[in-house]
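Presented as structure tokens, the chain that follows is alone, the form predicted alone.
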């Protein structure tokens, strides 16, 4: 992975991000970042359950449309894996064994998404959640060496992108969640600790049907797209502690 000629330095890229005043500039800078590191794709994805996702990057429009059309957000191991973690995620460490995940992976590769990926989860104010992802096709050895050399730079760039997104789209910032009931807190806490739904229901001495009511109520209050997202949001907002 050799850096292409006639591209800005990293400091110049960060300065351009600081100066950016509109979304189109972020889109252009994402292409510059891709070229600077000589990789296939860069993508910033602000995940939202209440409105359309806020996305910029170098994935094709066809793939972005396909991703939303198939509702891959609900089965994407990258999204789910980042919801459960606060540190960057290498795609190869995620579970792609499920039928839905394998179908997504095959579809992504067919649309030009590389076989290697690295996503930085970003948590902002009031439960904001975003991903900054880089993507390439190369061997595992090449990818591991590339990430060792560039990981810190990607963390820095990721947070610059997110700060600008928050500046450009302040009306999209999530509202403060309603408070959770004691039973909802109990359910979310046990799920965060890794309990299955059956184990949570047994521990709380309630039926799984009643548990489902608590979980769905908490998910709605948190503005979460699924249970995993609800747990992540509850943790990030300090509503539950494990």
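Residue numbers count along the first chain shown, from 1. Small disclaimer: the values here were computed from a predicted structure and weren't measured. Take the two forms, superpose them, and find the largest set of C-alpha atoms that agree within 1.5 Å; that set is the rigid core.
Not on display, but discussed next: the form predicted in complex with the DNA.
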So, residue 210 and the DNA: in the predicted bound form, are they within 4.5 Å at any heavy atom pair? yes
4.5 angstroms heavy atom contact with the DNA in the predicted bound form for residue 13: no
Does any part of residue 183 reach within 4.5 Å of the DNA in the predicted bound form? Heavy atoms only, please. yes
Touches the DNA in the predicted bound form: residue 225 (any heavy atom, 4.5 Å): yes
Segment assignment from 194 to 202, 66 to 74, 38 to 46, 25 to 33: heavy atom within 4.5 Å of the DNA in the predicted bound form: 194 to 202
Would you mind picking the one in 102, 93, 87, 148 that has a heavy atom within 4.5 Å of the DNA in the predicted bound form? 102
For a quick test of reading the superposition: does residue 61 move by 2 Å or more at the CA between the shown form and the other one, rigid core aligned? no
Please determine whether the C-alpha atom of residue 32 is displaced by 2 Å or more between the shown form and the other one following superposition on the rigid core. no
After superposing the rigid core, is the C-alpha displacement of residue 225 2 Å or more between the shown form and the other one? yes
